[in-house]
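The chain below stands alone and is given in structure tokens; this is the form predicted alone.
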Amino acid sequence: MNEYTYPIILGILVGTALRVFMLRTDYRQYPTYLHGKIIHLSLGFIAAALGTIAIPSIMEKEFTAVTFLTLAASQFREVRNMERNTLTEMDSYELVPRGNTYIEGIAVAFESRNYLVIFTSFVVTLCYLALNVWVALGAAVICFLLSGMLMSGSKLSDIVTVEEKSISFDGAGLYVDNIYIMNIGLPERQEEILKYGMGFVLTPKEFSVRSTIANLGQRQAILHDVSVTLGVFRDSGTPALVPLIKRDLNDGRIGVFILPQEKDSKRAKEIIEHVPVLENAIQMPSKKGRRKHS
């Protein structure tokens, strides 16, 4: 044992604990399996070790050891590819799929969490060696709080107002409030939709939000989260019984038509409000930037 033993142990423990803290299985049902969790915890341990060892390497002027951080970056990029490929394969068997935009967001989140682990272990070890263990523990608490803030992100209730609206038919046309959804010609299908269907209208709070909720990936994320939580009244081969979202071209509102097995309007509204705003869907068209030409 030497002067670096306890700082290294603390850095690895804090970094691994942070990865456990960030590994939460929620209603999005990923990761659900034990082996998937083991993979991510193992990668978290490796990330914690890399971030911890960087400080002693610099103090001992072993600068070549720091180059392992660049190798780690390329390795964790493969984690994103692994998540993307796995979820894409799983998505093809969902009654209401996540969509590529949602999958990409999940994959990026898993990659970025390993970088948060490296940063936390790096800071904790540096504080231990430069100051003392109490400062290191304080830094660990701050990193946990910061990671919790970064994990939370924004949700739909931050950018839209969600209201339940009635669904109706005008001839063969299905409407949520006054927003056209689709054509349903068969009378028996119309009866099923009126019996099991629910409608919601999402009104943007700002003009710039219109393009975000118009994004097809963001719409699919709404349908998937509601269907996973409340179930869906459909089976494969029933194209009429498909949850759908359409846009009012005049004011940018979107009409959400769902077919939950558990018809609970209050819970459905809460689920829609807590759907994450996907990073790839965020656009600010009202903010104009000047383009420089060389």
Partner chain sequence: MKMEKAILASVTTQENKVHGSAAVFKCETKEEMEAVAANLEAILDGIAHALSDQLYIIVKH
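Positions refer to the first chain, counted from 1. No experiment lies behind these values; they were computed from the predicted model shown.
From this point on, the text means the form predicted in complex with its partner chain, which you will not see here.
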query	finding
Its partner chain contact at G185 in the predicted complex, heavy atom, 4.5 Å	yes
K155, heavy atom within 4.5 angstroms of its partner chain in the predicted complex	no
Its partner chain contact at V228 in the predicted complex, heavy atom, 4.5 Å	no
Touches its partner chain in the predicted complex: A172 (any heavy atom, 4.5 Å)	yes
Heavy atom within 4.5 Å of its partner chain in the predicted complex - residue from I58, L69, A240, I39	A240
Heavy atom contact within 4.5 Å of its partner chain in the predicted complex, the stretch among 77-85, 99-107, 216-224, 177-185	177-185
Residues within stretch 96-121 having a non-hydrogen atom within 4.5 Å of its partner chain in the predicted complex	none
